[in-house]
Structure formats: C-alpha cells, structure tokens
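Below you'll find only one chain, the form predicted on its own, shown as structure tokens.
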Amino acid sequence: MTKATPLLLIEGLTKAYPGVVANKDVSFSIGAGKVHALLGENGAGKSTLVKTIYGLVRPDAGSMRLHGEPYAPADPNAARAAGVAMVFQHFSLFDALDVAENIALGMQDPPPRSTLAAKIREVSQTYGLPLDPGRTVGDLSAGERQRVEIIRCLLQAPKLLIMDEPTSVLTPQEVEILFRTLRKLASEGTAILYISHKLEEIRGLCDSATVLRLGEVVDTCTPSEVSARDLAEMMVGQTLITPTRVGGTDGAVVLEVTGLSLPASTNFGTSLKEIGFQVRAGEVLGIGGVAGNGQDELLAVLSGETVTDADTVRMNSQPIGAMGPVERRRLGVLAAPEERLGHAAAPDLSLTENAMLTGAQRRGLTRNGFLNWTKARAFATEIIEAFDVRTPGPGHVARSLSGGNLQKFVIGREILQDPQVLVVNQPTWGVDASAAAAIRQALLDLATKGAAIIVISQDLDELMEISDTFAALNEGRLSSPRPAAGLSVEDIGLMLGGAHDLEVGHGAA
C-alpha cells in the first residue's frame, strides 16, 4: 500500500431494502492514521454502511478495497481477521462475568486466562484506559464498560476502528480520556471511522467528514473549518432552528417526591436514597447523571412500574406512590424510558400496536373492552407525521426503524397524549441534530402549555438548553435542584461526581 493509497476505499456501494434505499452509490475513503467522521440524520444510511464494512450486511452493488486489495467480508469474523474492529453503540457484555471473561468471549482463540489478564492490563495502561481484568462487569460504570469494549477491539491490533456514538454514556472527563486514546491510536497509524451526533466533538477530533442524506453522499468537509451549525445544516439540507420558549417555574406544584428510598431490585441495580424534589406546572427539571446512578430506578418509581408508599409520590397533592402505570396514565403521568427497543416499544409489534400500548386510555383507542384499530392506526399516523418518523407506514414493526426514528416515535407518542407530567430518560439519545432540536422544542412547547416535565439525560448541553432547574443523580442520591441558568458545565461535572453542595454552592442563583 503506497502513501497515496487510502487504507479503506469505498466505491459505489448500494444497498436497498423493501420500501427504502439505505445506501445509494456511496463512495469515500479513509487514510491510515486519520479520524474520519460519518455524519447524517437518522435514517441517512450510516448504520447500513458501517455494517457493510464490518461484514454484517452484503451490498447490492459497489466495491471496497482495504490496504489496496479487494475487500468483501462475509461476516464480522472475516472483517476482524482483515484488521477491522467495531465498538457498537449498545454494549454486548455479560454483567455476571468479569472483564477478562467478557473479552475472551469475543475472541476466536483466547489465550490462557493469566496471559489474557496480563495483556489486558498492558494494553489498557498503554492507551490510558486502565482496567482490572478480574472486576465483575455488573459493578463497572458505563465509562468502564465502554473501556472493556474498546480494549477487546485493541487486542486485535486493528488497522480500522469503527466507533458508533462512543460518548453517549460518558462524562466530559471520560470523553477527554477517550479522545486521548483515539489520537494515540491515530498517531500509530490506525484509521478511525467515527459516528456521532455530538458535532462539537466531531469538530475537535476528526480530520475529515463525509455527510450522508437519504442514503447518498451530499457533502464532505474538514470539520474544524466549519461550525457545528454548518455541519448540522449539511446533514439536514436546511436551516436548523434552535429550540426556544418562555420559561416558567412559578406555576403550582404538580409532582412532589419526598423521602424516596428504595433498595436495588437486582444485584447490579442502584438503590435510591432519600430523594426529594418538586416540579411545577410549566417547569422543566433536568436531572443529570452518568449511566448507572439510578436513572432507570427513578423513572420506574415515577412511572408506576415500581410502586412505593402512597405518600412518597404525589400529583396535585394526591398520593399516587402505590398506583401502577395504567392508573397514573389516566391521571396524566406519562413516561418514556431510555431503552426504546424492548421497554418503550415492543420490537416485533407494528407502530400501530405500539401506539395502542400506551395510548389506549388517553386517546380513547378502546370501546367496551374492544380495541379500535382504525383509531389506533390514525394515532400512529399522527405521530409519524407530527414527528417526521421515517418509515413506510404504521404497519411496519418497531425494530424495522432506525434507532433515532424509533426514538422520535416513542417521544411523540407520549407528547401527543397531552400529559400533565412527562418523565423522559435520554430523550434524544442517538438522534441527529435536527431531530434532537425538534424533540426538545416539542418538550418545551408541552411545558409552555403547563405540563411539568422531568428530563433525565447524560447530555449536559441538552439539559442546559431546555432546563429551568437542574439536579444531579449520583449513586442513587439526588442533589437539591438549582436554577439551571446559574450553573456552568464545570459545576455540573462536579455535581455528577457527587459534589452536590460543597464545590458548587456558588452555582445556585
């Protein structure tokens, strides 16, 4: 391979599925030692393209060359053998196994445990991602779990590393550690194909970018030479609108939580400890926290999936802590959990059926105990149109949608039921800039109508953009909510680490 020959060359890749062309005549290249961004809104074809590179998808047309030689992996094993590794957005780890056991499961012919453990320590220290091979994965933070995935790839000594949304579960400090690792890899000649919706990260890390829209390459650029807004507008092909609203925290208290303590329901769950807060009509309360600090447990208590003493949770002064999800929905307490495929939506049910699952009561989709499928289809269609969900129609199953489009459907389904209280966890996770702006605007519009909104998110920029008040969740404890306008990102970083009242006391307005 000469200096002029790219490490990976893609020419004319095309892949079609029934009703949609995922990739159409896609061509671009990545040089050795370069960090190349792949940008595009949800449904643009990024996932199909990287799955093709990694051997999970066979293209209908086009070709690839790796190191100047023809490259057409039959499966991921063939891709790994050729020097291509991939860190997926969703971790594939077993909580009950330790780090070394999880890494061994991803290897074709793992060495003896002592040899593997020594290698894990060596590689993790070399790349600034220290890991203890004997630690149980269920006890690791989200950032540490990602290290396991990355080290598993680095043990293959890859020449091309594909990273899909790698910072969605990391604190700002962990992001910087990851970037140092990626820059070191690039300096050693590894090419990195980087997918992220966090455009400022793209600008700071990537040497070049290819922009996809509706499956086609529409632009290329050097990210550091353009603004994040420019990148977003390349992706969507139109001017990006910044979410706005008239804030308000002076309404009546709608939801109140007092003295909420709850033991962890599983060995790897998080206990909630003396949580208390209020949310008023028209207020957006942002709750930040690194993954695994009690977010899922808190949402379960607020939605009614986990019941508590009646007085622990009150809505309009009425005790609702002992009520289940159906009773709370009737009262107007709605929720959208983080795990969209399997928790928020049933993968193998159609969008119409998924609309029915949570909308039956508030949208009147039943009559005398029977399901009204005509009204359910109309509701699903309303969601699809109002939130620009890219799908051939409401009859398609949830798992057929891209992650971002399914997220738009799930959030839209709850918002269009006019809740009095809406609790959302990671509302724009894996969603492109345009769709994220639309979701945030819809949440703000709902607050303007008088709803009380709780947004649980690991995206600090998101929380600062839409929150009136902010609290941090750390090891199951919630800090006292503070006016969001009085906090800096540095203050919030300290709060996420547990410094709730000391180091950031000056942040309260």
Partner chain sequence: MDLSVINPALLIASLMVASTPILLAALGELICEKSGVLNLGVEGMMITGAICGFAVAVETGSPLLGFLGAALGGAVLALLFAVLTQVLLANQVASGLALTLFGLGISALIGQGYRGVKPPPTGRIDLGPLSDIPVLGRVLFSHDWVVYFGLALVVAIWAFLKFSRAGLVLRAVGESAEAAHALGYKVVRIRIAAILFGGACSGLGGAYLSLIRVPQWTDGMTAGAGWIALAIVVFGSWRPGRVLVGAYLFGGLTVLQLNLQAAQLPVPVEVLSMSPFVLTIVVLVIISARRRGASGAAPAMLGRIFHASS
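Residue numbers count along the first chain shown, from 1. Everything quoted here is computed from the prediction, not taken from an experiment.
The form predicted in complex with its partner chain is left out here; the points below concern that form.
Region of this chain that lies against its partner chain in the predicted bound form, out of 219-227, 328-336, 117-125, 84-92 [heavy atom, 4.5 Å] | Within 4.5 Å of the partner lies stretch 84-92.
Hey, in the predicted bound form, does residue 375 get a heavy atom within 4.5 angstroms of its partner chain?
-> Contact check for residue 375: no, nothing within 4.5 Å of its partner chain in the predicted bound form.
Is residue 108 a contact residue for its partner chain in the predicted bound form, using a 4.5 Å heavy atom cut-off?
-> Residue 108: contacts its partner chain in the predicted bound form.
Spell out, yes or no, whether the shortest heavy atom distance between residue 28 and its partner chain in the predicted bound form is within 4.5 Å.
-> Heavy-atom contact with its partner chain at 4.5 Å: absent for residue 28.
Interface membership of residue 214, its partner chain in the predicted bound form, 4.5 Å heavy atom rule = Although its partner chain is absent here, residue 214 would stay clear of it in the predicted bound form, with no heavy atoms inside 4.5 Å.
96, 322, 386, 371: which sits within 4.5 Å of its partner chain in the predicted bound form by any heavy atom?
-> Filtering the options by heavy-atom distance leaves 96.
Of 442, 56, 460, 32, which one comes within 4.5 Å of its partner chain in the predicted bound form, counting heavy atoms only?
-> Looking at the other structure, the residue within range turns out to be 56.
Inter-Cα distance between residue 473 and residue 98 in the predicted bound form, nearer or further [3 Å or more] | Between the C-alphas of residue 473 and residue 98, the gap widens in the predicted bound form (3 Å or more compared with this form).
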